[in-house]
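Taking the form predicted alone, here's one chain by itself in structure tokens.
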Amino acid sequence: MTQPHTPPANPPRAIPALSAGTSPRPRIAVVGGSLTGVTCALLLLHAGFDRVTVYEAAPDAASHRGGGLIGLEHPALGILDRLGIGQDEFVAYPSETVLEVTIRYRQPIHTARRTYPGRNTTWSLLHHALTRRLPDGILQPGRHVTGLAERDRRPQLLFADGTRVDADVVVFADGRASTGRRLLDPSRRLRYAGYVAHRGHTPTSHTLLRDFLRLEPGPGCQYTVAPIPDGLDWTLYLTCSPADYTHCFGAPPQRRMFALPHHVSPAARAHADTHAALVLPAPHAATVHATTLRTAAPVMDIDPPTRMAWPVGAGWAVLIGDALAPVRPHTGRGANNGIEQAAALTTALTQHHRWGAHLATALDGWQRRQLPEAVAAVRQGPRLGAHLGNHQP
């Protein structure tokens, strides 16, 4: 698709209303096999849609390990409950406590205890709990979507290998560097926010830490650490110019939106280690220094979205999760937004299929309810960054 479709003032009935139990269910293509995409597929299958396929670009869908520690709030946890996924499968330490510690000269000077309305997990734990429930053949790894066309008044996905797949509804849940966003909403481009999330997992068989700990050593820096199975997960946010990012990770932030372990250069390690030693209490600086396997991600901003659904002929394409609106990790809303949007989208599609609801109107209602939350999270990120002393260089 070279140009996004413009919705009509009074959109016609999109996919003809289907009578419950008498007409074939629509073909739904989910692009992206990370948390939001797999959750969306499970919700659709649970609702009775039996023509659902997930297309993931990576050869191994489980190779996405960039999520690290993830906070899930109660609405998202409730959606997982409905899918029969117990918290004991993905929550290792059921703490609701967040300790916020102000650090000066490497020493704590004030601690605030807060209660988080949810639970912490990791990308790997949650992804495994989700994907193990997908029926065989639903998730197709190594399928890189490159384009979206219209064929016989329905969306058609174009793949890097030259193949094409027809659908009635396409759900783009393909992350920060979304192909769907580039095709449907090309004017909204990611902008580097001026700092980097250095991440690491330190294996250890013993730790006294059971809560989420946030250390604020001063402007331009924040450190978070929490227990995960067999170790600690930490993130160190540090100011970094675009030139320094390129030097540390081998490409500009807009091109390398996630630095895998082999992208993390000795210069990047030294940058994190040096700053940790300067501002963090000795035990936390030692944790950073001892971590051998590291990743990193540039913190990015984007203009708030103004829509979530686009007609493609008589079908539809939608954006959800980070594909719609990547948010700064400080907001804690990335996974929550994606899961909640997927659940509400499933409800809209179910009302259309089961009860004959006008699909264009159902999607418009879904968009009007979900869009404000996405916009609020996008706008919150720069405010949090300013509070931490991070800014666009």
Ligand SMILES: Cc1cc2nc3c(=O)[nH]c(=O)nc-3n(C[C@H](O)[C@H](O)[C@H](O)COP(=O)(O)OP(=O)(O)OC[C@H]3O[C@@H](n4cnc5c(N)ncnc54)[C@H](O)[C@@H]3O)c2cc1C
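Don't overthink the numbering: it's just position in the shown sequence, from 1. In this text, all values refer to a predicted model and were calculated from it rather than measured experimentally.
Not pictured, yet referred to below: the form predicted together with the ligand.
Taking non-hydrogen atoms only, residue 348 never approaches the ligand to within 4.5 angstroms in the predicted bound form. Contact between residue 176 and the ligand in the predicted bound form is found at the 4.5 Å heavy atom cutoff. In the predicted bound form, the ligand sits within 4.5 Å of a heavy atom belonging to residue 70. Contact check for residue 335: a heavy atom falls within 4.5 Å of the ligand in the predicted bound form.
Shown without its partner, this chain lists 45, 362, 57, 343 as candidates; in the predicted bound form, only 57 has a non-hydrogen atom within 4.5 angstroms of the ligand. Checking 122, 156, 235, 95 for any heavy atom within 4.5 Å of the ligand in the predicted bound form turns up a single hit: 235. Only one of 161-169, 105-113, 192-200, 308-316 lies within 4.5 Å of the ligand in the predicted bound form by heavy atoms, and it is 192-200. Using a 4.5 Å heavy atom cutoff, 31, 35 and 297 all lie near the ligand in the predicted bound form. For the stretch 111-150, the set of residues having any non-hydrogen atom within 4.5 angstroms of the ligand in the predicted bound form comprises 123, 143, 144, 145, in sequence order.
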